[in-house]
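Before any questions on how it binds or moves, here is one chain, the form predicted alone, in structure tokens.
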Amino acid sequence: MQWDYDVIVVGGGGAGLSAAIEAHDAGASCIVLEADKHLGGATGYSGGVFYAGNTSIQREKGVEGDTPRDVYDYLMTLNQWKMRPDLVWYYANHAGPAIEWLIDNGAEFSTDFLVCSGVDNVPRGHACKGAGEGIAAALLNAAGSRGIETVLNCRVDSLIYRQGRVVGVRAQDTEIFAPAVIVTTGGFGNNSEMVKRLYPAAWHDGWTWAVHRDNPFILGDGITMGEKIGAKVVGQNTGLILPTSGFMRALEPFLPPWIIVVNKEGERFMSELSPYSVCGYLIEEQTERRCWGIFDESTLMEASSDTRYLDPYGAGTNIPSWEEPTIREQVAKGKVKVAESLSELAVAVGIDAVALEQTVAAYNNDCDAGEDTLFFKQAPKLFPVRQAPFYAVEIRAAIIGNTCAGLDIDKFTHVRDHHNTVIPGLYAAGEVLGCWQGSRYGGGGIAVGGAIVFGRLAGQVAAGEVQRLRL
């Protein structure tokens, strides 16, 4: 067969560009096909945080001795060992080197924004200067300087599968042939039907939307193409779901520290400062999969203008959906409930009035003492709920941060079928995978980190196997 390229990369985001760069550097001719009008994908729109241990940035800040084994143990423990140990081990050992690789290619990471981005106490969240655009720009420049061919506005329709292997792709009535195809098309957050099928826990009618809404082709194309040739789909009903008030389609992964959050039973069930990596899951477990933020008039007047809690990573996320003008506007629309007593407020939103009053009384006592004795919330200040009128904002876990159902790979990024047999010629990396994250999001930067780490691996493996085919 006459090959047009050694490697075809379908998708030009963080995983795809990393794969193309590594394939090129290993001596393979390569082309990147991107459905959108620009490269960068979901990585370019992300907060630009990369989760890694044993990095030069950590050491510069004085964080010593954070080993790959520590990263591995944390991720496996968080997911109760319901993760692929081989993939987690590879990630733990290669995430740090991937940070250094990005730095070598022009990305800038500062000690000022090295944070604890998971539910651990070790700062492993490396925020890039310029957020996701900073990482994407470094990859774009690296690909451009190498002369890697890219085609925009080119949505791949299907894989070409002949005689038991993938030998190319079809795009815009054109067939392009290569002995290696790397699928890095991202997740399916913008495909409502696929969300309902593969991630029903994230679906709330009238509420659900994906943070990738500015990436119009996050539609699950790679999963669909893989399924058509027998690829196995795994990881159903996993991903990252984030809290939202539903006021607007604005990313608000961090709840205000000045509210208390209660469920239908009128009870607090989490710290209002719970990391976004676990907050949505906790909400999803409550009765009717919803809860309410409760606060009073004095708190609204005093606290709501302080929006620093929205941007702990310095990524530019600062959309004040809980500020006083917005709250009052939503009251007028009937979206936010208001009442002169807690019992009336409870009736208005359908929660247990007696329990709510008891919950508020206990919380107010804690506020007076200066310590949250139930969930140990470490807010700058605790605000009691005493001065009428009282407010209730419904909260649901309905923003899709990422989707984690998708293709299955072996530890070398080969896509596998329903019998766990490798499909020759087909590789995958990034959010199109369904075997990487597990049931719980490890922390800020796991998605971007996984895209870069496994994208690099896919490029290296594909190029090496193509070279062996030539012999």
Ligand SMILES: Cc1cc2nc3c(=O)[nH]c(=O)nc-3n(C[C@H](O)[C@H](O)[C@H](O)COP(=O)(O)OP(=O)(O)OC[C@H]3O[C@@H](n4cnc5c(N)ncnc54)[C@H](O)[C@@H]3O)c2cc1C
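The structure displayed is predicted, hence computed values, not measured ones. The first residue of the sequence shown is number 1, and the count goes up from there.
What comes next is about the form predicted in complex with the named molecule, which does not appear here.
This chain is drawn without the named molecule; in the predicted complex, the residue among 407, 52, 426, 42 with a heavy atom within 4.5 Å of it is 42.
Of the candidate stretches 92-100, 394-402, 259-267, 359-367, only 394-402 contains residues with a heavy atom within 4.5 Å of the named molecule in the predicted complex.
When contacts are judged by a 4.5 Å heavy atom cut-off, residue 446 counts as touching the named molecule in the predicted complex. In the predicted complex, the named molecule sits within 4.5 Å of a heavy atom belonging to residue 47. The named molecule in the predicted complex comes within 4.5 Å of a heavy atom belonging to residue 221. In the predicted complex, the named molecule sits within 4.5 Å of a heavy atom belonging to residue 154. Taking the named molecule as positioned in the predicted complex, the residues of 3-36 that bring a heavy atom within 4.5 Å of it are, in sequence order, 10, 11, 12, 13, 14, 15, 16, 33, 34, 35, 36.
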